[in-house]
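A single chain, nothing else alongside it, follows as structure tokens in the form predicted alone.
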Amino acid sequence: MTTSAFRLAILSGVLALWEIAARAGNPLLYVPPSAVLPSLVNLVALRSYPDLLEHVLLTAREIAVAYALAVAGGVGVGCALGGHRVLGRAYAPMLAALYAVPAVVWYPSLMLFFGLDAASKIAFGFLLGFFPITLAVLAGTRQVNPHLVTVARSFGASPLAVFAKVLLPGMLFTLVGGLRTGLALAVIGVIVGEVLGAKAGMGTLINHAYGLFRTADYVALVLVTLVLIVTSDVLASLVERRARRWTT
């Protein structure tokens, strides 16, 4: 059996079990796939939620901004700590400890400072994406031979040239892994932030549908959000493959 056929068999089995279990439960709480499909069609056709595209674009913009900030902050802080071993040894355990704290505990404070608009969702996505990127850059810089950095500086290379010509090639594979993890967490942070409290976005629509017991619409919205998440992960995986070919 090929991999595609095996995956199709698993998906068919899951859908069959879902259909059977949902029909045996409370229809307000459990919805079978046969009921989700019409709701998904109405959703994509913009009949049930005419402003769906606006919410999708808003969520996508929040993710893009949060991730861009996480990359800029993570690469900057990681290179600063990695370039100074004393600072790296002092602050790396603190970063790891903060990364281990469940991120959701920070969200009430973010809502207090930034309100219910997009800023708090961007801040939450940034917070989740910042730590894995920073730790990946910090770990990557430690893998680079320090003598190469010393030689580059002795020949008058600027800090930007040292990063582009020496640090980046040496830590690229570690960096790309951290960037992919940071993207996934930034997406999760933005969407979870919208679910917990927002005025617009896919998370807001999901929360609205579930609060009104529109379970079929709720599942359809989750599926649309899942497509958004999977698309971002596929793009990140393509970049990771290119980086892996370059480093091997």
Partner chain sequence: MSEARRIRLLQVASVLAVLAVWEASARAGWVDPLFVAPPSVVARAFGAIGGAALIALGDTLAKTAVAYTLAVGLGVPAGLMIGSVRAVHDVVHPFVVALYGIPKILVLPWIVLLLGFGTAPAVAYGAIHGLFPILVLVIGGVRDVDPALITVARSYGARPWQIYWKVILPASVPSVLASLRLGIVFCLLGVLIVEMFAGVRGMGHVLNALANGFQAAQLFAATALVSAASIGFVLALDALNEKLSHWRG
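Numbering follows the first chain given and starts at 1. By rigid core we mean the largest C-alpha set that fits within 1.5 Å across both forms. As the structure is a prediction and not an experimental result, all values here were calculated from the model.
Not pictured, yet referred to below: the form predicted in complex with the partner chain.
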{"query": "Residues Val144, Phe163 and Thr174 all lining the partner chain in the predicted bound form, heavy atom within 4.5 Å", "finding": "no"}
{"query": "Among the candidates Val195, Ala35, Ala60, Ala200, the residue which, in the predicted bound form, approaches the partner chain to within 4.5 Å (heavy atoms)", "finding": "Val195"}
{"query": "Any non-hydrogen atom of Ala72 within 4.5 angstroms of the partner chain in the predicted bound form", "finding": "no"}
{"query": "4.5 angstroms heavy atom contact with the partner chain in the predicted bound form for Pro108", "finding": "yes"}
{"query": "The partner chain contact at Tyr49 in the predicted bound form, heavy atom, 4.5 Å", "finding": "no"}
{"query": "The partner chain contact in the predicted bound form: Arg242, any heavy atom under 4.5 Å", "finding": "no"}
{"query": "Sequence-ordered residues of 98-137 touching the partner chain in the predicted bound form, heavy atom within 4.5 Å", "finding": "Ala100, Val101, Pro102, Ala103, Val104, Val105, Trp106, Pro108, Ser109, Met111, Leu112, Phe113"}
{"query": "After fitting the core, Ser12 CA displacement of 2 Å or more between the shown form and the other one", "finding": "yes"}
